[in-house]
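This document opens with one chain alone, in structure tokens, the form predicted on its own.
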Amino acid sequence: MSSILIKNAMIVTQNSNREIKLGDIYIDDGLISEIAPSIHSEAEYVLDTKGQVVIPGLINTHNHISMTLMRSLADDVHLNEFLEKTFAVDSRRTRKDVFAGSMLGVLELIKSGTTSFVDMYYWEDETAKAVTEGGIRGFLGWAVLDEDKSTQKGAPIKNAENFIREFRKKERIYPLPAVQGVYAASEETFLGAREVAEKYNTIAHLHLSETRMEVYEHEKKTGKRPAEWLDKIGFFYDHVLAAHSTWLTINEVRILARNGVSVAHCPTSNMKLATGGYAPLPEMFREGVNVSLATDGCASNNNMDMLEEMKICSLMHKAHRWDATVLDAQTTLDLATINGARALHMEDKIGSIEEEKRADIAVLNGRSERMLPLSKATAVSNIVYSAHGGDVLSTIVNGKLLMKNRQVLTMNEKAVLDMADERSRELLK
């Protein structure tokens, strides 16, 4: 594995003290081996990052990455029409479509500084191929739901377990079960997914309380709101990652906290679909729920730019609470880095720039027109409120340089774009 020396950096470490350091980073054998004011060791690659900002690789904790091919398919319509349009196209998808969409998605993630993502879909073995080629980290959730509600061949839980068994020892691939939601999965299915997650020591992912209809219909059916019901049946524990979690009562927030459940907050997707409500982040913070950040898929967001997502996240909550202090820049950056690592139980390996951690790093152009003036005092605010994905110059995952000065080194960008364009035209005919 190659060595990399990053010189003259402004390092936003995201360590426990949230230190910002000026100096060098030495990467060897996939690890950050040294951070110091000046390092003179030889390295295979030397990146002079003077005037640039070095941050931990961003962590996107909820996605449907292959749905890049469905970008802008169902914009500006009510939720029911959105679902009708996306389901109609989804039912025609082939393995080639999932692979092409995943390749396009991995390319977008690399170019916008995301180094780890959590996915939820079927045919995750096709997405795993894209992760392998691109070089990022994929926490790949095979979609689990009741057999009578699924278009998968075979039993979804068995499919998920087979996928986990086949891919769990592959480099940078973390396979897991991902339950569609209470509207598509019975108690038996939820507990089956938890059993698989515990058996293979993975996280268990799900959609939770994304829409008002989901909550009210489940309450009519069971007498309990989704989070209350999942607590009652024994699904929740500290390896659960719940996407959205928008329509929650304070009692449900406390249920999540008590069980150690993490939340993947998807502000842009929730606003774009106008499902109403705002995830109660201040209450989650107060009760001790670990909250991370996510874009959701491109059908309901249109891009996977986590830098843009941070700004939208912070401003949404400020506006909703009529309080400019409610979600500050530092807290928002935490959601996209170290909190994401905690949600994945990887906080000892990724999420911050510290010695002996994996070298998952993004380098931003501190000299762009959006990022100046830049100082240690303004760096975090500039990252959250000013930067976007196009400001990412270089991306490193596991000590490997995936992109250098906007040139992706692990993928043929033109070939990926051509394949995605061809498959999307065929799919959307």
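This structure is a prediction, so every number in the text was calculated from the model and none was measured. Residues carry their position along the shown sequence, with the first being 1.
Omitted here: the form predicted together with another copy of the chain. The next part is about that form.
Asker: Does each of Y278, T325 and L417 have at least one heavy atom within 4.5 Å of another copy of the chain in the predicted complex?
Answerer: Per the other structure, all of Y278, T325 and L417 touch another copy of the chain.
Asker: Can you pick out, from N259, T86, N302, Q152, the residue that has a heavy atom within 4.5 Å of another copy of the chain in the predicted complex?
Answerer: None of the others qualify; the residue that does is N302.
Asker: Which of these residues, K96, K221, K170, K318, gets a heavy atom within 4.5 Å of another copy of the chain in the predicted complex?
Answerer: Here the answer is residue option K318.
Asker: In the predicted complex, does E42 have a heavy atom within 4.5 Å of another copy of the chain?
Answerer: Contact check for E42: no, nothing within 4.5 Å of another copy of the chain in the predicted complex.
Asker: Would you please decide whether L374 lies within 4.5 angstroms of another copy of the chain in the predicted complex, comparing each non-hydrogen atom pair?
Answerer: Yes, L374 lies within 4.5 Å of another copy of the chain in the predicted complex.
Asker: Contact between M213 and another copy of the chain in the predicted complex at 4.5 Å, heavy atoms?
Answerer: No, no contact at 4.5 Å.
Asker: Within a 4.5 Å heavy atom cut-off, is N382 in contact with another copy of the chain in the predicted complex?
Answerer: The answer is yes: N382 has a heavy atom within 4.5 Å of another copy of the chain.
Asker: Within 4.5 Å of another copy of the chain in the predicted complex, counting heavy atoms only, one of 139-147, 105-113, 119-127, 152-160 shows up; tell me which.
Answerer: Stretch with heavy atoms near the partner: 105-113.
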